[in-house]
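Shown below, as structure tokens, is a lone chain in the form predicted on its own; questions about how it binds or moves come after it.
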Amino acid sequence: MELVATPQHPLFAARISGIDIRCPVSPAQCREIVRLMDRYAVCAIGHDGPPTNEEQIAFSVLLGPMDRGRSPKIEGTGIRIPHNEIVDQSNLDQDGVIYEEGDRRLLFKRANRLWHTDMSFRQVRATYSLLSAHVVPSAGGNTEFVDMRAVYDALPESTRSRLDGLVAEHSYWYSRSLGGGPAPTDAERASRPPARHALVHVCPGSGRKSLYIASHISGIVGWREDEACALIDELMAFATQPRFIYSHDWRVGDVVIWDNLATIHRATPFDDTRYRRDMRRTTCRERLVHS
């Protein structure tokens, strides 16, 4: 069956039909998905039910080297999903119970409501993320996306010139604190040291230049803190104008793939101490990392 892309926004994002990732995917279908990702940067595939963890992992590995190491955990967190490849993006503890208000794990997760790109705090960056919807709240909880290639194209030439050669430092714990989370413990801080990346890069698939910014940015190399914050705030304000944003309204069974080298995203609020939201993420990286 031929894959069909239905655009969801004037600049990017599409809903893809003609494929079910719960079934074996052919090499030709995989090549077509990559081609569509280069074009749209965000692609949603609907199903009548979510993939199993094993099915999601089997499909994700077709798109590139996967992040397989057990991610460093917030202290006090148990394991709900026993697969190293799955990042648990739910508001549920290891027993499937909704976190109570004030739980440090919930406070850290709320930082996902800040605009970011996955794993920019790693030196080997994330390429594709794949998020599957198992349970969605009755209201709220959309995910918003911005195509940073389109944003770069729209920047004034004077601003693009200012960005040449600039390198930013990305810290996981900076964004957690910025999002209202508690100060990390020494062990937590040591588990995820910062990484440095250029503010502008060329996306490998499309060949287009893109901004690479996120709430994880704690500074710009060689700049004073106040100057760096001012520039990042300016760029983020420009990028998150309504004209650039696609908001994905989740349905159970949706699998959304996005290109972290070309986009930023954020979770939108919902009543996270009342309603369950069970989302599961797999992540591909620029190259294989043994961790």
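Since this is a predicted model, take the numbers as computed values, not measurements. For every residue, the number given is its place in the sequence shown, counted from 1.
Separately, the form predicted together with N-oxalylglycine exists; it is not shown, and the next lines address it.
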Can you pick the one in H197, H116, R149, R125 that has a heavy atom within 4.5 Å of N-oxalylglycine in the predicted complex?
H116
Only hit among L131, C203, I86, A168 for heavy atom within 4.5 Å of N-oxalylglycine in the predicted complex is L131
Just to confirm, N142 within 4.5 Å of N-oxalylglycine in the predicted complex by heavy atoms?
yes
With the partner left out here, check for me: in the predicted complex, does some heavy atom of W258 sit within 4.5 Å of N-oxalylglycine?
yes
Check I19 for me: does it contact N-oxalylglycine in the predicted complex (non-hydrogen atoms, 4.5 angstroms)?
no
Would you check, heavy atoms only and a 4.5 Å threshold, whether S175 touches N-oxalylglycine in the predicted complex?
no
Please name which of the stretches 108 to 116, 151 to 159, 207 to 215, 95 to 103 has residues with heavy atoms lying within 4.5 Å of N-oxalylglycine in the predicted complex.
108 to 116
